[in-house]
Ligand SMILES: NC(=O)c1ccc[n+]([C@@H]2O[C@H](COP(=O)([O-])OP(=O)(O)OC[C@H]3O[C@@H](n4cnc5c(N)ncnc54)[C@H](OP(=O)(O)O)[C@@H]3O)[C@@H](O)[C@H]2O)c1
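Given next, in structure tokens, is a single chain: the form predicted on its own.
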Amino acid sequence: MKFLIQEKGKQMAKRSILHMFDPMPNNSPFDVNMALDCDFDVLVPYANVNPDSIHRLTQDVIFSRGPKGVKQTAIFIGGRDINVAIDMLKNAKKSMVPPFEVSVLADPSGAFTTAAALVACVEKELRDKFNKELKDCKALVFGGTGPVGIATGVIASLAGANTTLVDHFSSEEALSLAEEYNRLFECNLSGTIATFDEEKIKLIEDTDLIFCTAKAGIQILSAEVLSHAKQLKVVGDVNAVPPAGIAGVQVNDFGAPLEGTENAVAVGPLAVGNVKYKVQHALLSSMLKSDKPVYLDFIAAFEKAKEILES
């Protein structure tokens, strides 16, 4: 009888559940793997979710488990659009009815955790090698109109860097996105175009920091272009597919001298990826460990990345 009672109690224990809301047709396998590695017992993916449906879904999540059960419950918001993800996060938070309240993490396309890791790594090298802060620097984000590029630009700008989103094809796109995200996050982004080497040379001549978040397998800055960057201090590249987005950056670089420049150092994609992995793992885990609900976005990701690099 004692054995049966223990078994019954075990069956009734609340399992941890992560509800994964995604506006895209499919959830990211990367995020599914990460969540399982963070010891969530059950993952429930939802595709084609839009911000208007978040209220109903969130309240279905919170009211079905009771005040104790919600501590074992969390929501992950994916997708590819940063603006949509932030709207979904805000809507989820508004839908909570304390004590029925769960933690929520937004990380569309891994953009928040990747960008947070990239900026934190570059910031660390800037301090260690040059005794400078982001607020002292001019920064360019090549591939700046994609999800990771926008998130990188917002984080760098909020940290004080004079930051410009650089698009390969359209100045209008870069300017429009800069204005949109300045309005949303009260940052101070600029936008511009650089299609040809002559345009890139003009941009980087007085630049301190370069973030490359462009499409994988495409070299954005050649060694010849980089030779004109006389003030360059740190570059960070998230492209792990040859050729490197920035010539001379090796995948494992973390503060290695950048060949062809006077004093610049490089942060490579695997160095960034290692920190990104730790950041996402820590944020997912924190939703199960926190006594109070937490709402996590790019700001939380950046703070966690800095904490990891300082430890």
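Quick note: we count residues from 1 along the sequence shown, nothing fancier. Bear in mind the structure is a predicted one, so any value in this text is a computation, not a measurement.
This next part talks about the form predicted together with the ligand, which is not shown.
Taking the partner from elsewhere, no residue among 58, 105 and 293 has a non-hydrogen atom within 4.5 angstroms of the ligand in the model of the complex. Here is the short version: of 148, 89, 232, 225, the single residue with a heavy atom within 4.5 Å of the ligand in the model of the complex is 148.
With the partner omitted here, the residue from 69, 273, 51, 257 that has a non-hydrogen atom within 4.5 angstroms of the ligand in the model of the complex is 273. Residue 80 belongs to the set of residues with a heavy atom inside 4.5 Å of the ligand in the model of the complex. Contact between residue 248 and the ligand in the model of the complex is not found at the 4.5 Å heavy atom cutoff. In the model of the complex, the ligand lies farther than 4.5 Å from every heavy atom of residue 123. At the 4.5 Å threshold, heavy atoms of residue 116 stay clear of the ligand in the model of the complex, well away from it. With the ligand left out of view, the stretch that reaches within 4.5 Å of it through heavy atoms in the model of the complex is, among 273-281, 38-46, 58-66, 257-265, 273-281. Scanning 194-232 for heavy atoms within 4.5 Å of the ligand in the model of the complex gives 213, 214, 215, 216, 218, 220 in sequence order.
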